[in-house]
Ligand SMILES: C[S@@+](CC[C@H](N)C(=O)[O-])C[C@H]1O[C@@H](n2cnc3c(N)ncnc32)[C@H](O)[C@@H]1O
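In the form predicted on its own, a lone chain appears below as structure tokens.
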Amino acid sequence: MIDSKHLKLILAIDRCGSLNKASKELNLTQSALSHQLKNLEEYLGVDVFNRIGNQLYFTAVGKELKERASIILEQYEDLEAKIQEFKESQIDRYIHGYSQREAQRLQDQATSVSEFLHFDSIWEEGSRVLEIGCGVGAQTRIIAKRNPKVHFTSIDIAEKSLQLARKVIKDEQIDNVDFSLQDVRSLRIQKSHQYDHIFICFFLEHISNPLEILKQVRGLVKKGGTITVIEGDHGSTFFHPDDPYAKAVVEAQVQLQKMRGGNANIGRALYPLLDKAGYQKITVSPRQIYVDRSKPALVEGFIRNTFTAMIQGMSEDLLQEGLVSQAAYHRGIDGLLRTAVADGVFSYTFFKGTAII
């Protein structure tokens, strides 16, 4: 096929007059450039240039390519710019932000609930797993450690998050993970590079088209492979003592996520989503995190450092959008923290879905 590199080659030769000078401009060897030109002419079945000595002169086909090359490359650049704008807008939809505090909250969350979510996150040795939306690597480090002989390719749209993820994996001396800056929507399906399994955790809640994504990623997995999806459901939250202000700040967070194109209650929808996307043998299991004073690690790790910290991290956006007043917000945070004292009880349910392609 005609590639953008071929169009750049033609324009460079037009400017420079020879392969030697064009190779220097494009920072390629003359041999590599000659090979590209040969491939292009073989594909077209006609010559692009007439060769007289060391000089190259455009044929009729070459002139047509030259005239269209600038327009096509300009359109390529415009398209890439539009895609980048869209990617940046998607990053802005991530309601929790990319602060160091949020990165630590995600690590605290992953640690505190790992036994509830990942006791059965096991894949066969030698398999290849694609993790979509890995973020700061909070879940990556857990599943990679549990599967030391499985190779993980973990992708995310935010370079800042990936930098933190790489550091986490390096610090913990985990060697079976590769990270890549990728938008899942632009991944290409190649039979020789299909994965054995897909892993998605806390990603679908942030996007406006989860069904389309679930349909798309089916093509990245070998026949008979599996998908694992884990999502939360803020509507499952209950606590003691009951507090209307605490309920109000949780609902405000749900509404904020909805305004940004996401769904904080998506956990309950995993079965119908996977079913509509065409997956087989679907199993969805609730993973309830129930906390009382007999579980001090969860009191600290989940009530204070995960759930309440999440609401606190969104305080500015909640107030700016007018979803809750400042006084009601502070009373709501106090209500959530009240569940962490001696007679307090807190419960939240995650949902884990698995299915076969």
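Residue positions are given as counts along the sequence shown, with the first one as 1. A quick note: this is a predicted structure, and the numbers were derived from the prediction, not measured.
There is another form of this protein, the form predicted together with the ligand, and it is not shown here; the text below is about that form.
Proximity of residue 282 to the ligand in the predicted bound form falls outside the 4.5 Å heavy atom cutoff. Remark: residue 106 counts among the residues lining the ligand in the predicted bound form, judged by a heavy atom distance of 4.5 Å or less. Taking non-hydrogen atoms only, residue 277 never approaches the ligand to within 4.5 angstroms in the predicted bound form. With a 4.5 Å cutoff on heavy atoms, residue 139 counts as touching the ligand in the predicted bound form. Residue heavy atoms within 4.5 Å of the ligand in the predicted bound form occur in exactly one stretch of 232-240, 246-254, 167-175, 203-211, and that stretch is 203-211. Exactly one listed residue, out of 269, 150, 184, 264, brings a non-hydrogen atom to within 4.5 Å of the ligand in the predicted bound form: 184. Contact annotation: of the candidates 227, 129, 134, 143, the single residue with a non-hydrogen atom within 4.5 angstroms of the ligand in the predicted bound form is 134.
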